[in-house]
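Encoded as structure tokens, the following chain is the form predicted on its own, with no partner shown.
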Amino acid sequence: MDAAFLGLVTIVIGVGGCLGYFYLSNQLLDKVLFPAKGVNAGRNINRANMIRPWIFLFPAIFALGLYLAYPVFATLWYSVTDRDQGGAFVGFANYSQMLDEPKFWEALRNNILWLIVVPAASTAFGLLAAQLTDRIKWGSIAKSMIFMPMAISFVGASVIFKLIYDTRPVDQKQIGVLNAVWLQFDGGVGSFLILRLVPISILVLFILLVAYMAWGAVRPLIKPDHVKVSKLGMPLRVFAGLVGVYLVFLSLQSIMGLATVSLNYGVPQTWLTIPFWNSFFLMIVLIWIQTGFAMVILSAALRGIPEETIEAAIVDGANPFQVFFKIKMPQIAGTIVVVWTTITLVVLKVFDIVFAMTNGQWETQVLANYMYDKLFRANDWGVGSASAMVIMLLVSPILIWNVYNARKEMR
């Protein structure tokens, strides 16, 4: 009863406070500061109307400044001071210490890997689900099932997948789904097909896709086919090409590893302790969650495509793949970019999944978990704040680009 009464009082005070603030601010503005009477009545009315929106926005601006702007400047200050020396200014010493730690570079490398894999996979699966569910009668039910993981917290999803990856001793029954499947292989033809040939085929297709996209990004720079490249687009295209080359290199290394690796058939695997691959097992959790978000947004975009363009393409003899890639994809490219960048922002701040499943062990460290370890476990506020500034610097270009595109569309 006390909790219910407290909640009621909070609602009354909150709503009543807002109504009181707007009423009193209007009275102060119209009756005291700029009264609409006398020889200056017209000028006062104009001034009051100019100031009134800012008075209404003041609580939100103040709250945002208190909870967003102040922490940014405070974190920046902590990153250049030493708490053990009474807050003395130490310049870039914390940044230098951070750059000398192997764990930071491990976290940065893993974050880059997450940024490459998760947004691409989530957007691709979301687009595939959106396209397929729109073509079946029970599509709404399928969409609900795919979107359901969005209602689960990151920690809850981590617990679910931790059970999927669970490992028990050899003499005990395996409750982890992945190990239960793994123990069915004994090194025969099925093992070769499923554990070697299928992954290698997927990687080969991935290499072809990445190479095609990278070539599409850098082609206007090599062969300018009347395609005007802006000053901002040039470095982005070069960066996209370099990322493509890096991904192809990593994929080729993975193919060599799959072809030569010795697999322990019949023995349960501790999946989350296998270096490099355990990061992909963690990524699957976020892909599982974000695919539903991508599907909903892209499904709405696909429904907004004019039917006339699709019908015209079919009349001209286009097959379903050409309709999808040549007609639909270009028309929803803007939405795909928005979904991609939104998921990218989520990936840059990923913390819960790594913290709940591995806590950064076995070479799975990411920047947010590294920051948490430094701030709250090592009590090293300087290095922890420096890593927080690194995360903010990585997020800022994406935010600026999104704002730029939003303003460009508004014009």
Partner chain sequence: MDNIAGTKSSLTWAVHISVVLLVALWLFPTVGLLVSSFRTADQIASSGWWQSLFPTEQNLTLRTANPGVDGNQALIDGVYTVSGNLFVVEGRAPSAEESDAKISVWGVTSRAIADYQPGATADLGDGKTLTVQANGDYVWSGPEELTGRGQRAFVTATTPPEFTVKNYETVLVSGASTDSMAKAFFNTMTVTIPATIIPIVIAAFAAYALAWMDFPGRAILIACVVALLVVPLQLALIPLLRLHLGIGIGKGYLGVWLAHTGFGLPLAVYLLRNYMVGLPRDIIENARVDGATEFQIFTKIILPLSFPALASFAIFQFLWTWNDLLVAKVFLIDSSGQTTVMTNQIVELLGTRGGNWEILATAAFVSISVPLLVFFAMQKYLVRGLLAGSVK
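Between two forms, the rigid core is the largest collection of C-alphas that superpose within 1.5 Å. Treat the numbers as computed from the prediction; the structure is a model and nothing was measured. Residue numbers count along the first chain shown, from 1.
What follows is about the form predicted in complex with its partner chain, which we do not show.
- In the predicted complex, its partner chain sits within 4.5 Å of a heavy atom of P53.
- Its partner chain is not drawn, but in the predicted complex it has no heavy atom within 4.5 Å of E363.
- For the chain shown alone, G156 is a contact residue for its partner chain in the predicted complex, at least one non-hydrogen atom being within 4.5 angstroms.
- Among heavy atoms of R407, some come within 4.5 Å of its partner chain in the predicted complex.
- Contact with its partner chain in the predicted complex, defined as a heavy atom within 4.5 Å, is made by none of W114, V204 and Y212.
- Screening 94 to 102, 280 to 288, 212 to 220, 239 to 247 for residues having heavy atoms within 4.5 Å of its partner chain in the predicted complex returns a single hit, 280 to 288.
- Scanning A378, A63, A41, L28 against its partner chain in the predicted complex with a 4.5 Å heavy atom cut-off leaves one residue, A63.
- Residues of 131 to 149 that come within 4.5 Å of its partner chain in the predicted complex, judged by any heavy atom, are L132, T133, R135, I136, W138, A142, S144, M145, I146, F147, M148, P149 in sequence order.
- Once the rigid core is used as the reference frame, the Cα position of L28 differs between this form and the one not shown by 2 Å or more.
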